[in-house]
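One chain comes next, on its own, written as structure tokens: the form predicted on its own.
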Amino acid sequence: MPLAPVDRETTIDTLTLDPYPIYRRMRSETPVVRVESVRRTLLTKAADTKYVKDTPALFSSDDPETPMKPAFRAHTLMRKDGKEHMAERMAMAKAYSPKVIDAHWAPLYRQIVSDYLDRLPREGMVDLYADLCAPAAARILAHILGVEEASDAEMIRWSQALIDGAGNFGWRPEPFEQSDRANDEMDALFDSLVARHRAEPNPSAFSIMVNADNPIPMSQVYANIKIAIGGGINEPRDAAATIVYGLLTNPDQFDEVKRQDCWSDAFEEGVRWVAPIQASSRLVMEDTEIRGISIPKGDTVMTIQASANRDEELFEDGEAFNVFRAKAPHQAFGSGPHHCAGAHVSRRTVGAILMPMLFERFPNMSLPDPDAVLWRGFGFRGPINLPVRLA
């Protein structure tokens, strides 16, 4: 049985700028391929990415060469399996539960979104990514985590430093220097918050973890909060910006979404079309095979959710944004035991609150120059600007 073919041409920079034509070619020609620059075997078909995520005994999250460890300066729950992973995941699960979100956090989410919409000018050009999507996501997350003392700018900078470090598959020193600085600042803030959360228990993740009857170690409490900061800003931020772009560049769909009030469908299509979390690594625990390709024990495979979400076997014309396409399961929030714990939060904040409130306030918003929108990211992806005209 042959080993995976080796791709020596594809670079991390090309994947960062525009990975989709590359993934489309890989799905057709080399769906299992060793990409030398990434030092991993990429899996680009939906059936394969789901199989790997759903089979943790064979494909472990504990990738020993992951840049996530130096980026977070911790062995986080994202790189653990079984009981160890579940113990840390469940330590803060209550804060993310639909019941707590709807009963405690949803009114605050609406108020935060309203406040940030109030700050926007009533007309003229504005960068919606910088002025709404990022800071609103940061403020909502700060409250749910119990780190309200952090400014929007700090939360945004920390999140970007962590995800840049976690996605630093080229092991360049600069991203780790930035994540080290972010870790120092977060640790100092967290140290100052422990006493408050113990004295004043509340529904935030920080409070729930430090007041648990059988708490996890404080180092892992901090690691959990950092994981949430790393993924809990970029995911709703990038989803929101992507959905706005998709709707404004497809006015017929936009009109129909407003008519049907089907913002949740627009949300699901947005995260399918451009998955905020594009790729994940897994360590191969035993010799196995995928599509007739030998995958040896000790190899690291990378599931490419970005590609799986456009797989022709599931999605007709998957390269296009189409809110009203035939429904098929996407993998934007992963699969298996590591399915994104914040999926309900993102669906609630972006799909049910931010999108309808934004377009109720600015129903005539337009995107004068779609080509001015820049998209970036290999491990994590979304627009990095969104210049719209509000009226």
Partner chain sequence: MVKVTYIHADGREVTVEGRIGASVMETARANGIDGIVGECGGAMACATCHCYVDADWQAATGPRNDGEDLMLDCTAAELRDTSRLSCQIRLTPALDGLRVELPAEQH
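Numbering follows the first chain given and starts at 1. These numbers were taken from a predicted model, which means no experiment stands behind them.
Note that the form predicted together with its partner chain isn't included here; everything after this is about it.
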Close approach of Arg347 to its partner chain in the predicted bound form, 4.5 Å, heavy atom: yes
How about His330: is it within 4.5 Å of its partner chain in the predicted bound form, going by heavy atoms? yes
In the predicted bound form, is there a heavy atom of its partner chain that lies within 4.5 Å of any heavy atom of Lys99, even though the partner is absent here? yes
Is Pro363 near its partner chain? Define near as a heavy atom within 4.5 Å, in the predicted bound form. no
With its partner chain left out here, work out from 354 to 362, 50 to 58, 65 to 73, 29 to 37 which stretch has heavy atoms within 4.5 Å of it in the predicted bound form. 50 to 58
4.5 Å heavy atom contact with its partner chain in the predicted bound form for all of Met1, Ile293 and Thr300: no
Find the only residue in Ala195, Ala93, Leu108, Ala212 having a heavy atom within 4.5 Å of its partner chain in the predicted bound form. Ala93
Going by heavy atom distances of 4.5 angstroms or less, which of Ala153, Met86, Ala320, Ala103 would be at the interface with its partner chain in the predicted bound form? Met86
Out of 308 to 339, which residues reach within 4.5 Å of its partner chain in the predicted bound form, heavy atoms considered? Pro329, His330, Phe333, Gly334, Ser335, Gly336, Pro337, His339
